Structure formats: structure tokens, C-alpha cells
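One chain follows as C-alpha cells, the form predicted on its own.
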């Protein structure tokens, strides 16, 4: 048995014993392990800590939340299986990852140049389209509780990225999303799916030439130290869903679950309100570091990128329901 499988088995047994003891919550606090893969000083990291603070206070210590940041408990490729098996109770994965459980419609969030601003993303996430996608997770033993913002993506690379032709032949890290890989192929790059925790080493070792991500993640993971250029492109939006093991959540006393839902609503507002400021601050710190050159696409360059990536929409029609895409576009309004 692999070390990961052994750990999953061991912790699953503990989780099952914990679930069985939920009726005896008065005798011992119920433990919620909240695992995520980004740094604690990002909007998501701070949101997780705010949930811990509010949940423990509002339940008068009847619930204890243990937050594991920066892939210290599970990595990108491990965490969803761990949640399904009950080895961890709560995650906040990027929306790309949820396609493996809730279907390809989740990858609609990755479509290039779909959202003109944060409000357009929130209109989708907070509306019927966003709710319908979270509902799809329940048949897989997972309950979606909230969407959390991060922000618009940028590219870092070892060469300036201004024209579409600048991407030719670059090995670019993306998340495990068919939309993201199609996007890179559309501009002539070679997509590489890599866990976030491995990106710094792969850039350092020359296994990758570039990556895409929100500035807060680029800065907190120190990826700018391994790159020469950053392009502010706003080509995609990075966001997360807070999800829980459904059996665990449904097994909580209803009065306690209600308090946790309230704590999560407030933590979600807090995390999402931080995202834009965190990314602005991270970008300024990246500039101040002097490690790389920062460039913002002008209107003509962005139009060329949009034209080159337009084929991704037709590619994605093979796995994204046209009705879902229409709902997204209607809620988001016109693109940038």
C-alpha cells in the first residue's frame, strides 16, 4: 500500500470513529480539519483562519477547526479523494479540480476572457448557475457550501509575453483543466499539469518555462523569484469552492450545523473582500522585488489574445453543457 493510501486508510478510520461519536458532542469537541494548498497569508488562507475563529467562538468550543495550509496535509492531487473518504472534513479547492467530481461544467469558470470584472464572476457564482453546479457534487458524497474569490490571473515566464507568438514552445504550468490546457495549445504553448506545491522547484530546475496564477499565489509561493517576466493579462479568473464531506456535515447536530453555516457565510464575505486588495498588494511587492519585469497588456494586445483563445470555447463544447455556458454568459454579461 502506498504511503498516501496508508495515510488515507488510517485517517479514514479515525474519521469514521469521529462521525460515529457526533451524538456525543457534549463530551468532546468535534474536530473539522480544513486543508488547502495555498499560503496562510493569502485571501483563502486568511478566510480559513477566520472560519476557525468564528466557528470555535460561536459554538463555544464544541467545534474545533484545525487549518492545514500550503499542502501540509494533502496536495492538489490527493485532497479530493481524502475528502470523499472522510479523511479530511473541509477543503477549498480551485474550481478546476471539481470537474473530476461534478462534471465538465465546472470548467466553464476557466474559459478565457469570460469575466470582465469581479462583479461578473460573483453574478455567476451567487446565482442559479453557481448553485446548480454545487448541487452536482452531492451525488459524489460532497456538499458545496460557498464560492470564494481569488482574482484575475497573470502569466509569468522566462521571456516577455505580449504577442500571441511569444508563447510558442513554452512549457507552461496549468491546473488540471481541459479548458486551461486547450487555452495554452491555442497560443502555441505546451501545457504542463503540476501541483502548486511543485511549481517553484520545477521552475528552478528548468522543467517549466512559465505558469499562470493570481498575483497573491505567485508572490506567496515565491514563483516570481524563478521567472524574468510577468504579464498582467486578466485572461482568466481564479476562484475556489468551500466543500465538505457530506456524510460528516449531515451527521452534525442541526443546531450546531446552523452556527457553522453562519460562521462560514461571514468568513466567505471576509475572504472574498480581501482578494482584490491582496492581489494588488502582491503585484506591488513583486514589482518592488526587482526580480522580474512587469508588463500590462494594452487593448490591442488583449484583443489579439482573445481572438487566439476564442477556439477554446468551441473545443470546450465537447464537455461543457451549452445550457450551462448560456447561463454563465447571461449572468456575467458582456466580456472585457
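Here the structure is a predicted model, which is why all the values come from computation and not from measurement. Residue numbers count along the first chain shown, from 1.
Keep in mind the form predicted together with ligand LMR is missing from the figure; the text below concerns it.
Three-residue candidate spot 34, 81 and 244; no residue lies within 4.5 angstroms of ligand LMR in the model of the complex by any non-hydrogen atom. Among 89, 217, 157, 183, the residue placing a heavy atom within 4.5 Å of ligand LMR in the model of the complex is 217. For the options 256, 73, 145, 196, the residue carrying a heavy atom within 4.5 angstroms of ligand LMR in the model of the complex is 196. Between 160-168, 173-181, 109-117, 257-265, the stretch whose residues reach within 4.5 angstroms of ligand LMR in the model of the complex through a non-hydrogen atom is 173-181. Put simply, residue 275 is far from ligand LMR in the model of the complex: not one heavy atom of it is within 4.5 Å. When contacts are judged by a 4.5 Å heavy atom cut-off, residue 192 does not count as touching ligand LMR in the model of the complex. Among residues of the shown chain, residue 122 is not one whose heavy atoms approach ligand LMR to within 4.5 Å in the model of the complex. Although the partner is absent here, residue 240 lies within 4.5 Å of ligand LMR in the model of the complex, judged by heavy atoms. If you take 69-99 and check each residue for a heavy atom within 4.5 Å of ligand LMR in the model of the complex, you get 76, 94, 97, in sequence order.
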